[in-house]
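Okay, here we've got a single chain as structure tokens, the form predicted on its own, with questions on binding and movement later.
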Amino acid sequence: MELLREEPHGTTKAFYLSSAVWMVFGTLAGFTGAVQLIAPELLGNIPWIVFGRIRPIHTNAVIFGFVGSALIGSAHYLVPTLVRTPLYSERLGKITVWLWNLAVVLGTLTLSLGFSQNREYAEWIWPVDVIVMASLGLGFYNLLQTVKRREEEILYVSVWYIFGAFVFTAFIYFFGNAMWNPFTGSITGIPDGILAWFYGHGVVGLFLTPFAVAIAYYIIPITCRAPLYSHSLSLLGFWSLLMIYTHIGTHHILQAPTPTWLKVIAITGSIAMLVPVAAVLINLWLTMRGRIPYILGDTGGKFVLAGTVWYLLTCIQGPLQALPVVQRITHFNNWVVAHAHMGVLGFSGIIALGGIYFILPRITGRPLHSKFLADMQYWLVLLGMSGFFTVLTAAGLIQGHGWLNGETVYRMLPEIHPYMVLRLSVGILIVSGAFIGLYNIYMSLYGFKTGRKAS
């Protein structure tokens, strides 16, 4: 079958093209939701794109379709490269790609029709969850068989993070979606809220983060032409992430009647997350010390460097907003939306794009179709993300202080309306960057039939 045709790096290529397509779709869905926050009646209340449906369509398409596809695609390149052994089965890899895309397509369609679970970032219904788990299982098996046949004895830290990501994700996805209860995807009472945020927080920290860190650990030493500063520090970051991140999701529901001991663990664990974050960033930044020009001169390296800066900002803000005194202002408003965008798009999304642009020439044997377009996408996404963070943080502070002083929700809406207009305007930058990226990635993969030189 043509769809399962064996070709060198075919799995990575298919994941990258999928990522580019889903970035366009996901950002357009987000743009549609942003329009509805400004003018709710403008689109005529079309049922399948009302805000309650387009919002989870947007978040899942971005997390799993755009960022997830790019990260998993990079994993299928990094592991064979680092163990100096070809991927065990490109055909199995292609099946993984198609199952992953099938899950995102079916998830999008069922959400648009109103079929949903009561989980943030886990709204897809049970049959879609089964396909996601099957895809994760196939990817894990394929890479495990690759490592078993390896020629390189030492496993570089990127391999640790990649396998950790597959194992962590399968674990949190199964339990977070309550897959043993297919009719509702949930349990009951307070334990359901705890389980929901075990998953909702873990999908960023145990799915996106390990993959993104694995890419950064691979790309930065190569681009700055220096060995990794400390292998021991990299393992400290890996194991501390595993030990700390799994139990901090309850900081999302401090206002709920969850057990006090669990709240204390979640808050202290959130502060302790500074340990794995510091381990990663100190290691990477000391590796690139005095060699920043090398990284800025490489398209993929430039994306990854920006992603590490967003990682720092995300993981300073995250522990601080877990504190109850801070949550009095920031909870349930646009401050949290800003933080979520910073983690998914600013950190893991930008690093995912860096992985694509760094690896593409290495799997095609050709330069990028256009370095200029890649740089343009870099600035559009970076400026768009900076604008999102600024605008939504300001809107959140206005909401939070208003509510703290006794204002009702509806009286605050006119106050933040100008910020929602600014949010929509900034979104144009990100949507434009998505279209540019799709064109550039497609042409880098398939646009060199005549053998012409890239710009």
Ligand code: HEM
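Note that this is a predicted model, so its numbers are computed, not measured. Note that residue numbering follows the sequence shown and begins at 1.
The protein also exists as the form predicted together with ligand HEM; that form is not presented, and the subsequent description refers to it.
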property	result
Residue (of 369, 341, 302, 119) lying close to ligand HEM in the predicted complex, criterion heavy atoms within 4.5 Å	341
The single option of 273, 226, 138, 286 touching ligand HEM in the predicted complex, heavy atom within 4.5 Å	273
Non-hydrogen atom within 4.5 angstroms of ligand HEM in the predicted complex for each of 94, 295 and 445	no
Ligand HEM contact at residue 76 in the predicted complex, heavy atom, 4.5 Å	no
Residue contact check: residue 55 to ligand HEM in the predicted complex, 4.5 Å heavy atom	yes
In the predicted complex, residue 336 touching ligand HEM (heavy atom, 4.5 Å)	yes
Partner contact for residue 400 in the predicted complex: ligand HEM, 4.5 angstroms, heavy atom	no
Interface stretch in the predicted complex with ligand HEM - options 146 to 154, 346 to 354, 107 to 115, 229 to 237, non-hydrogen atom within 4.5 Å	346 to 354
In the predicted complex, residues of 30 to 44 near ligand HEM [heavy atom within 4.5 Å]	30, 31, 33, 34, 37
